[in-house]
Structure formats: structure tokens, C-alpha cells
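Okay, here we've got a single chain as C-alpha cells, the form predicted on its own, with questions on binding and movement later.
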Amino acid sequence: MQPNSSQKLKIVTLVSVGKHPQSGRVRRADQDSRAVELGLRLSADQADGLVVLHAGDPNEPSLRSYAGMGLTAINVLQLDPAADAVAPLGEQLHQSGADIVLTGVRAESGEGSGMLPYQLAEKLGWSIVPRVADIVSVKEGVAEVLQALPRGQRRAVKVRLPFIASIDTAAPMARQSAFGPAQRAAMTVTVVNAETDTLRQSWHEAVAKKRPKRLKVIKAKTAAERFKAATAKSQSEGGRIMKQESAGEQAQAILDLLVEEGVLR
């Protein structure tokens, strides 16, 4: 990152409570921690260039994991768990005079819809750059950003400040969290009264079910491969040939096979 030496950037990183995908243990969110890492690199030569902001419970232990990355303080907007965080976050960002706002693509707990960066950009009237891998430079109020594309590709984009960037897993990995600095960091708490998200209260949360097993599909790229796949002799793997059975028996056999293969449950 090569910021303009004559321009002092104000960077705000939004963090949330993460959840380990296997154990379900509460932790710092992977994408949010990468956003903090990028924010620390962007503000390396500025004492107060980075502000880390969380909307929720200030007593959440996982917030200390972010502080252990080298932060002196974390700002927390204390909200009711049923409150909508978009309005208070948008007001806070508007008052902060931020130039760049960094977030994860989506949260690891809660709704995790990935809509928060877009809702904030709409509320503030800012540009948004999704799935950012790196911010190369900021010169004369314009940032050069690298977007992460499928198969490891990158796309260079120029965007004028201020803007919101959602950080992809292709961004640099976050540094380890140190226990001592994590415990010494201050928690600056601001109590906010926000509107209750009535729609969310009617939702029922449950553990996601395992995805059904995909059927094997032959993908041919060339004409020769397509011809070979079309003329290849099918190999029997213990199947049944049903000609004299009724339509009901044939349908039941197909249903049993789909259940056995894990396509249906």
C-alpha cells in the first residue's frame, strides 16, 4: 500500500462475532480479521488512522481477539440483540468522516446474508467494491483496488473516496492475536437505541442440513471427448433391469436408489 503522503486517511473496519465452521466455537471472523489486517497496513504510518467498530455486545469475548492484533481500543455500539444495526452504523460512519470502510463479505453468525455493506453504501450514498483482495494505493482521493475473481484472477479497479470495500478470503491472512495486548485494549462503549427488527423475530434458526450428494456428470470439453462419452459402453454396478414390473414398483425402485445415494432424505 502506497498512500499519498499529503493525505491522512480515516479508515474504519467493521467487525462481527465469528463462528468456527466445524466446532461452532465463537471466534474472530476470518474475513473481518483480514479486513483489520488490511486496515492496519493502510494506516501503518498514521497513529489514529484506523478505527475498529462493532455493533452488539461489548462483553463479547471474541472482540478481544481483534484487539490482540495490535489495537489500542475497539469502539462498540451497544445494541439490543433484536435491534437493526444498519441505521446506527450508518449514522456513526457519517459522523466519523471515514474515507474507507472495510468489512467482511458476510458474517459467520447471525443472518450472514452479506447485505450489510450494500445497505450501508445505499444509506451513505457511497460506492462499494465487493470481494477486495488488496488496496494498492490511494492518491489524490482515488484508490486503486484489486478485486478477487474466480480461479485466482484479479481485476484492478479505481474508485473515488469515500467508499466501502468487502474483504475476500483472498486478502492477506490476519496476524496472530497476542493475549497481553488483547487484555489491555480499551472498549469504548456507546449505548444506542435502535429500532427492533420485527421481521427477524419471526424467524426460526436451525442448523443447516448437509447438502445432497451430486450425481456424477461427465464434462467433455472437446468434440472427441463428447463422442467418446456418447459412445462409451455403460458399466453396470449392480443395478436392476426392470421391464415386467408395474409403474409403481419401478417408481419405488428409483426412489430407493435416490435415498441410498443421499440425493433425497
Partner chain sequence: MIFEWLHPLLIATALLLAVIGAVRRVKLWRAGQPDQVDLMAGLMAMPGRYLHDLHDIVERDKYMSRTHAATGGGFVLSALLIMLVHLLGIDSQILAWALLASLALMFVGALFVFKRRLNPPSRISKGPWMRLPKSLLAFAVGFFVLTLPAAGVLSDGFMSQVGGVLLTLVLTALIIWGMGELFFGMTWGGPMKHAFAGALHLAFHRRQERFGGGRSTGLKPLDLSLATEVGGVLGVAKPTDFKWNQLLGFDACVQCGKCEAVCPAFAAGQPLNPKKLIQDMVVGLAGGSDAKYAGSPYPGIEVGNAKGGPNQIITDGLLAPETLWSCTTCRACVEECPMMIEHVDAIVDMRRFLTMEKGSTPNKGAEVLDNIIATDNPNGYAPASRTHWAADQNLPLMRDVKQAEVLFWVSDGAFDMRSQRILRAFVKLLKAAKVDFAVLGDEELDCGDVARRLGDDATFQNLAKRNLAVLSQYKFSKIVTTDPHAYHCLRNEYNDFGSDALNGVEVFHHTTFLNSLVQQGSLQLDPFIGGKVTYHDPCYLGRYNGEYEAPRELLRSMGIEIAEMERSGFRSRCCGGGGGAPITDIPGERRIADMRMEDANETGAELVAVGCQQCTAMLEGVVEPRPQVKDIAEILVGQLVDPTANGLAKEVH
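Every value quoted in this text rests on a predicted model; they were computed, and no experiment measured them. Residue numbers count along the first chain shown, from 1.
Although not depicted, the form predicted together with its partner chain is the subject of the following passage.
Using a 4.5 angstroms limit between non-hydrogen atoms, Gly110 is distant from its partner chain in the predicted complex. With a 4.5 Å cutoff on heavy atoms, Val142 does not count as touching its partner chain in the predicted complex; it lies far away. At least one heavy atom of Pro181 is located within 4.5 Å of its partner chain in the predicted complex. A residue is said to contact a partner when one of its heavy atoms sits within 4.5 Å of a partner heavy atom; Gln176 meets this definition for its partner chain in the predicted complex.
Heavy atoms within 4.5 Å of its partner chain in the predicted complex are found in one stretch of 53 to 61, 24 to 32, 193 to 201, 206 to 214, which is 24 to 32.
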